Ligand code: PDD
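One chain follows as structure tokens, the form predicted alone.
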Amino acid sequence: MRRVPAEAKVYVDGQVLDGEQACVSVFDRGFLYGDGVYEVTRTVRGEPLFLAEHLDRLAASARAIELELPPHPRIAAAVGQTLQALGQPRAYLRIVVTRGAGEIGLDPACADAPLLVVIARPLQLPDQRLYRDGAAVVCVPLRRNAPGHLPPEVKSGNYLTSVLATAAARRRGAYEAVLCDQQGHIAEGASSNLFFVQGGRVRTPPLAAGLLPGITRRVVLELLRGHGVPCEEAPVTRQEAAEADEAFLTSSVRGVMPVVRLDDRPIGTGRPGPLTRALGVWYGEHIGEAPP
């Protein structure tokens, strides 16, 4: 039996449906080739978090693959309709635009018209123990794209690298997979950005390492600098990551989550550190919601 998230509402090109009723054509290029772009965020008190920034990044991804997006107001209206149908103040939100359906063939000209899909469902945050006790992460053999491949700043439907990386991490009992760049330096998590604290200074891998420019990543850097915490975007070796005093990951849905183990070795004391905990409070104040 196919599993559909309970109470999901889905907007499919003009109509909001229950999750089990929503469908797209098997000839849609998003299904056939991953030929599309997407964004994920959540709501806080019924409002999509950082929606303007997510739509801007969606547009940048679409430009990079020469995909014409529906106008921003149409996407925003679809988001509003879907959330209204869901009727939940705390929701998970996914916005997808594919190149559309048509004749089977790699040529983008085979597509008829872009397809807009918005998925909303009740928000399920990770287990609170992960925020209280911290998460374990592991480095996996998969690498982020080398120069000349699809740019990492494109959030496309072709996410197989992260899917396989996550599966590898789960097999090793870890919460998140860590991917490195072609030089073996830390790049990012399968679905998160990573930060490391050493001697009171925060370092996060630079965009040049081949990572998605996370919206929460940018907000966190601004918060740290606003509170006078020294931070930099610079390469991080696996050894430097292992020797950090503290570590944490960020994403739009998870916010700020402590990381306490890397490759089966404790980071620092093996407990969430004071700066990570303080940042969780600052981030919660910024978005208007108490930290988990």
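Counting begins at 1, following the sequence as shown. This is a predicted model, so every value here is computed, not measured.
The same protein also exists as the form predicted in complex with N-(5'-phosphopyridoxyl)-D-alanine; that form is not shown, yet it is the one meant from here on.
The stretch that touches N-(5'-phosphopyridoxyl)-D-alanine in the model of the complex, counting heavy atoms within 4.5 Å, is 192-200, out of 192-200, 80-88, 101-109, 126-134. Proximity to N-(5'-phosphopyridoxyl)-D-alanine in the model of the complex, defined as a heavy atom within 4.5 Å, holds among 174, 212, 180, 116 only for 212. Each of 144, 159 and 252 places at least one heavy atom within 4.5 Å of N-(5'-phosphopyridoxyl)-D-alanine in the model of the complex.
Of the heavy atoms in residue 216, some are within 4.5 Å of N-(5'-phosphopyridoxyl)-D-alanine in the model of the complex. Contact annotation for residue 38: at least one heavy atom lies within 4.5 Å of N-(5'-phosphopyridoxyl)-D-alanine in the model of the complex. Contact check for residue 155: a heavy atom falls within 4.5 Å of N-(5'-phosphopyridoxyl)-D-alanine in the model of the complex. Along 39-63, these residues reach a heavy atom to within 4.5 Å of N-(5'-phosphopyridoxyl)-D-alanine in the model of the complex: 40, 54, 57.
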